[in-house]
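Only one chain comes next, encoded as structure tokens, the form predicted alone.
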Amino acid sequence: MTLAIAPEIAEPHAPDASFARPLSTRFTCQRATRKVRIAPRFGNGPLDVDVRYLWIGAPGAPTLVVQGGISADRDVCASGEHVAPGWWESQVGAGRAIDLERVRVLAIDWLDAGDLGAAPVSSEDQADALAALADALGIVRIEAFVGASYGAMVGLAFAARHAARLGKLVALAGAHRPHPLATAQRAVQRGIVQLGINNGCIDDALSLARQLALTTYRSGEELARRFGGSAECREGRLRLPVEDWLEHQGRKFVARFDARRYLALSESIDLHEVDPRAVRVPASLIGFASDRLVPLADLCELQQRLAAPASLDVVETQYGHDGFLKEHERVAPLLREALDGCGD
């Protein structure tokens, strides 16, 4: 068993547009849609689905898959058609930990129940869609699958189902099964959204569900540090310091996310289950000590049960499950080490 603990530093850089750089003319970029055929786990047989993808990087270089949480999309970094910073701009780009001058990155928009004809969507379905997309693009081998949160779950499913075409798995803040407490929290969030759908207040419900979710992504230590002040009287009522932040985050989420898509992908997390013994590719696991959604005990169990060599690095952080998004400077060297040799 290999376990490394990275010490905490005071404050990481906040994610912003400063990470964005112009797309190199040396890169090749496809941002398109391809129809592929899969047999959904909970469906009634094979069907064709449209997979929206980004494939970007050095021409002819080995391909890595990079996938994030349920609210992440294919735009891991800025591209020719998508000039805004991607959700992991700090780690994916020229000269970064996932170096587009040495590799190509393949990422997809997650499938949801609408894509599968209303059938529940599973992490296996996402993995099979990625494998089918690789076939359609002529990619014989995936050098590494780098997945964070739900992406780590899909990475484990991909490694279990398509090991012959995968070189390595890098899984951040994701395990072989959801923790029951996290499942309970997500069930309440889905209940709020469904109540909003049933009563014609979808946006308010989705905002509340997102706000509740944020309290599970972050740690109590961080929230106490940022929002420990007293209530203020505004607009005729007392408001607590944390409320402005929560409501702002809820509004942002509603502006870019669909309620039924949220229900489908949240449910997909809780349907996820992979037998670690079926994962027969080398793995690098990265966990966050304050993560309440994916406790370190689950990652330790996963590491011990995997059927191939696996390391586990633990990052001490105040940012909980969101550590993979917030701890740019501390995650980067772990990714570089895990991907050492990819692209050579």
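Sequential numbering from 1, following the sequence displayed. Note that the structure is predicted; figures quoted are calculated from it, not measured.
Missing here is the form predicted in complex with another copy of the chain; even so, the following discussion is about that form.
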- Check each of H248, R260, R190, R141 and return the one that places a heavy atom within 4.5 angstroms of another copy of the chain in the predicted complex. R190
- Decide if the three candidate residues T28, D50 and L54 all line another copy of the chain in the predicted complex, where lining means a heavy atom within 4.5 Å. no
- Report whether the minimum heavy atom distance between R292 and another copy of the chain in the predicted complex is within 4.5 Å. yes
- Message: Given that another copy of the chain is not shown alongside this chain, does G220 nevertheless sit within 4.5 Å of it in the predicted complex, heavy atom to heavy atom?
- Response: yes
- Message: Just checking whether H179 would be counted as a contact of another copy of the chain in the predicted complex - the rule being heavy atoms within 4.5 angstroms.
- Response: yes
- Query: Wondering, does L238 line up within 4.5 Å of another copy of the chain in the predicted complex on heavy atoms?
  - Reply: yes
- Query: Picking from 166-174, 72-80, 86-94, 224-232, which part of the chain touches another copy of the chain in the predicted complex when contact means heavy atoms within 4.5 Å?
  - Reply: 224-232
